Structures are given as C-alpha cells and as structure tokens.
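Take a look at this one chain, the form predicted on its own, written out in structure tokens.
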C-alpha cells in the first residue's frame, strides 16, 4: 500500500515554485506529503490561456533530477524499443494541443466532512498550450498500429519513498486520438514541476492521467494490475485503488478493463466505483472577484470559464442572487476540444450584497449539480441535484461552493 508519511522535501519544492510562480499559493495538505500550489487569484479564471506562473502544481514524489540528454522512454508490452528526447523531437511531428487540466481532487476541500489530504477549493484547474509529438506517431514507430481494445500504461520516473510505482492507464483509443508526449508548455520548455523533460498530455482528462516525467509506455490488453510491470514495487495502487470514486469504507475491486470511461456515465452506474478519466462539466466565475466593491448601476462584465472533458460545453447560466434566478451567458473565444470556453454576462447591479454563481451544461445535457451530498448519499445524489460525497473527494463539480460574494455600493461609496 502506498505510504502517506510526511515528505519534508516538499516544503523546499513549494518554496522554490512560489518564487517563480507568483500567481500561485500553497494549498493545505493534511498529510504533509504532496507538493501542491494552486491559482492564487480568482481572476485566473477570467482568461482562456493560463500563464505558467498561475498554473497549479500537484505531485506526491520528489521532482527527479532529470537530464534531457540522458532521459529515455522505454516502450514495452506490445510495443518495443527506446525513445530518446532527441528522437522525440527530430523523428516525429511537432504539434500543439490546448488542454484544460484539472486535478481530480479539485473541490475535495468542499466536502463535509473533509476527506483526503489536499484540500483544494477550485484553484486546481488551468488551460495551457502543450507542445510535443503525437503519441500515435510514437506508437506506430514502435510497432503499434491500432488500438484493438488495448490499454496504454504510462509510468512516471519520479522516485517514490514507498514501495509504489506511479503508473496510470488510458484506453489506447484515446492515446491514438489526441494525446501527445509534451516537451513544451505555452511556448517555453516544459518546467521541472510540470514534468520536464517529457509528460503525457491527455486532453480533457483529469491531471492524474497526464503522467509527468514519463519513463515507460506499456501497451497491453488490460489496465495496469498488480505485477503487470517488469519492475519491483507495487504497480496498481494509483490506477486501481487511488483516484476511484466510492463511498466511505469501500475497497474498490480490480478491473482488467472497463467498457465505459466517461466519468459521469460511470457515476450513473456504468462502472462500480468509477475511475477518474475525463473531467466532469464545471465552471468558475473569474470576475468580478469579490475582492473590492463595484458600483451600482454600472455595467459589470461577469466573466469566467467552463469545461466538460471530452464533451463540448453547450450552455452556461449565471445567477446574481444566489441561485434564485438564472440567465444564459454568452460563450465566446477559442473553441478547442478538450479546453475550456470563456463565458460572459453583462450585469447592472443594484446596491447590496450579491452571490454570483455559474453553472454549465455539456452537449449531452448534463448540468453541474448544486452541492456536494452528505456521505450517506451515493448514486442517488445526482438525481437530487448533488454530487456524491466520496471518500477520496474526487471529480466534484458542484457550483454552489464556487460562488463569489460581491458588494455593490452606490456611486462614490467604494472609492
């Protein structure tokens, strides 16, 4: 079992990251194990592109001291060979993908009672342009020409202080569709804390699937299970135990494969104890940010972002009265698969205190629930306009916890 003993070295990593990323702030980690910083300001969510300085960071092991000239990726299982960074850059096309990356634990701190260690609010989401080589090109060059119902397991090269290996599996169909092996981020080399020298990028899917510091890519008929990798240690914890959605006190069963990877469909009953693959529909208001009052009668642009994993955002509604009434917002700006949309709504408020909320609906008609349920609810929660409280605090997308309180004053009072 993976250990959650405190990791003193994380504090040095966080301090070093905060020195360079002035748009982030440390997030509370009850286990004192994870290197976690998130967006420090709500205004991060009023822009389509997230600067590296504001992009959240989350990992459990020490950042490896990687040398790009020496780093290689092993292709194993039904693939074969070794990939150097030079080969990745020179022998494969260079592409860029827009990807909204959200930590699967984003919203964990909104669960009551609290669960897990890292108490994220909504600050662990960001959209960047990732540059690299199409994973399909790499796989074909190493003997894999089709998906055939198989799975790709990516193994991170970060050294664990326990017995576990960080390994995550995704369907090979997804790998062939739009995934890349990234070596750049927003036009610059990949930063160390984001996976330098090479990271798997899985557009629209939760951050845990976007394995940093990729050391091995394994193609096989099943997801990673215990003993599946040709290396010592525990192999399946991060796929089969952690990052599974389930009630308290449950030990999820191991699956070699699942037919449904859509996280919401799994929650509705397609998979017992769902895996966190693609991101659930969600939205955040970026401005106004509630940090200073606005003037009554003036036009205020309510602006934010909405995303829905592999699905498109179909609609965003805004409420300025705590959810009593709702009005459609306008979607605008870049429209890329796997990346969030900007929304805006022109508001002329009256004086007083206003609670601003946003709720998004995806192209399949699935709308953000209002709240997180109590621990006794499970699959019935969604029918009750609630996201199911779960022991790991994963995949939460309730809109009420993400609201912002705005003070509106008569002209001249806020100056």
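Residue numbers count along the first chain shown, from 1. Predicted, not measured: the structure shown is a model, and the values here were computed from it.
Although not depicted, the form predicted together with a small molecule is the subject of the following passage.
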Checked 245, 133, 342, 103 for heavy atoms within 4.5 Å of the small molecule in the predicted bound form; positive is 103
Only hit among 279, 316, 211, 285 for heavy atom within 4.5 Å of the small molecule in the predicted bound form is 211
Per contact check vs the small molecule in the predicted bound form (non-hydrogen atom within 4.5 angstroms), the hit among 71 to 79, 88 to 96, 150 to 158, 324 to 332 is 150 to 158
Determine whether any heavy atom of residue 199 comes within 4.5 Å of a heavy atom of the small molecule in the predicted bound form, and answer yes or no. yes
Does residue 58 reach the small molecule in the predicted bound form if we count a contact as any heavy atom within 4.5 Å? yes
Query raised in the report: Would residue 194 count as touching the small molecule in the predicted bound form under a 4.5 Å heavy atom rule?
Result: yes
Closest heavy atom of residue 109 to the small molecule in the predicted bound form, within 4.5 Å or not?
no
